[in-house]
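Before any questions on binding or motion, here is one chain by itself as structure tokens, the form predicted on its own.
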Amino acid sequence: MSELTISSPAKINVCLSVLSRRPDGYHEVEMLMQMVGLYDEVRVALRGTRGISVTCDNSAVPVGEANIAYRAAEAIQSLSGSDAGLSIAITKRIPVAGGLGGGSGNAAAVLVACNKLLKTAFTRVRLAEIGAGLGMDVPFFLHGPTALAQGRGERLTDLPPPDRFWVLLVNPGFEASTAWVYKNLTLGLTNRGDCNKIQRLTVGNAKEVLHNDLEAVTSAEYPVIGRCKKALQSVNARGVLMSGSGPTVFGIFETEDSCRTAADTLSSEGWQLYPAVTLTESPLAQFIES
């Protein structure tokens, strides 16, 4: 095998609580995370000369060492001791810096692909350990599709995936810096959600656990987030929330028809709209050793 292409899914944070600031500068968090069916495509190929190259069809994505996918390939290449070069091509469909974990998912896909191509035979546990050194959300994409994340996000408890329901992802068309959002978070004003309350997520109980400590920070800077939420409520979403550090907002719908009808209704707003189903299995799982 000299080339591997992997579908890299988006995620939503059904619940995100920031518990404290850690001595290492990160934050202690508790998150209920769910993969959804919006995908980037990540193609990794061996090439003759040692080195790593990254290309992407979205100019907003860096293509050098600043790209987390580059650093993922570099980590596996270093651990493998291989002299083979690696070429990475990313086709983006997930909004960049949108709170949907696109970059972290791409990094996880690169870890998995490089593990296969360089025959390092690392287990999922080892890959997740490597991923934790790259970014907070990377380990989730090596688990999933549904998980409780704790610590910095690297301690994962897999949960039973929900019966399928649909979400309408609404992105207002700009990026939000995760680092900026956390920097401006006032911990004393957060209201902890019970992210570990739900052991099996359903369309019925999702609304009960919807919570995001970061939403107040991002929405104060970008009032359009509040308008997105109100718009989703107006088309009968079962629950609405900003995902991650934003700015993407999602609404929960029981059926594909109701989700796509809502998207049609909101199409005149000028936002990026992505109907997506919740996933019952991870597209990365078939490539990972247990």
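Residue numbers run from 1 along the displayed sequence. None of the values given here were measured: they were computed from a predicted structure.
The form predicted together with adenosine-5'-triphosphate exists for this protein as well; it is not shown, and the discussion that follows is about that form.
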{"property": "251, 258 and 278 each touching adenosine-5'-triphosphate in the predicted complex (heavy atom, 4.5 Å)", "result": "no"}
{"property": "Interface segment, criterion being heavy atoms within 4.5 Å of adenosine-5'-triphosphate in the predicted complex, picked from 154-162, 85-93, 197-205, 121-129", "result": "85-93"}
{"property": "Among the candidates 185, 79, 97, 209, the residue which, in the predicted complex, approaches adenosine-5'-triphosphate to within 4.5 Å (heavy atoms)", "result": "97"}
{"property": "Sole residue of 62, 239, 51, 226 within 4.5 Å of adenosine-5'-triphosphate in the predicted complex, by heavy atom", "result": "62"}
{"property": "Contact of residue 106 with adenosine-5'-triphosphate in the predicted complex (heavy atom, 4.5 Å)", "result": "yes"}
{"property": "Non-hydrogen atom contact residue 139 with adenosine-5'-triphosphate in the predicted complex at 4.5 angstroms", "result": "no"}
{"property": "adenosine-5'-triphosphate contact at residue 74 in the predicted complex, heavy atom, 4.5 Å", "result": "no"}
{"property": "Close approach of residue 178 to adenosine-5'-triphosphate in the predicted complex, 4.5 Å, heavy atom", "result": "yes"}
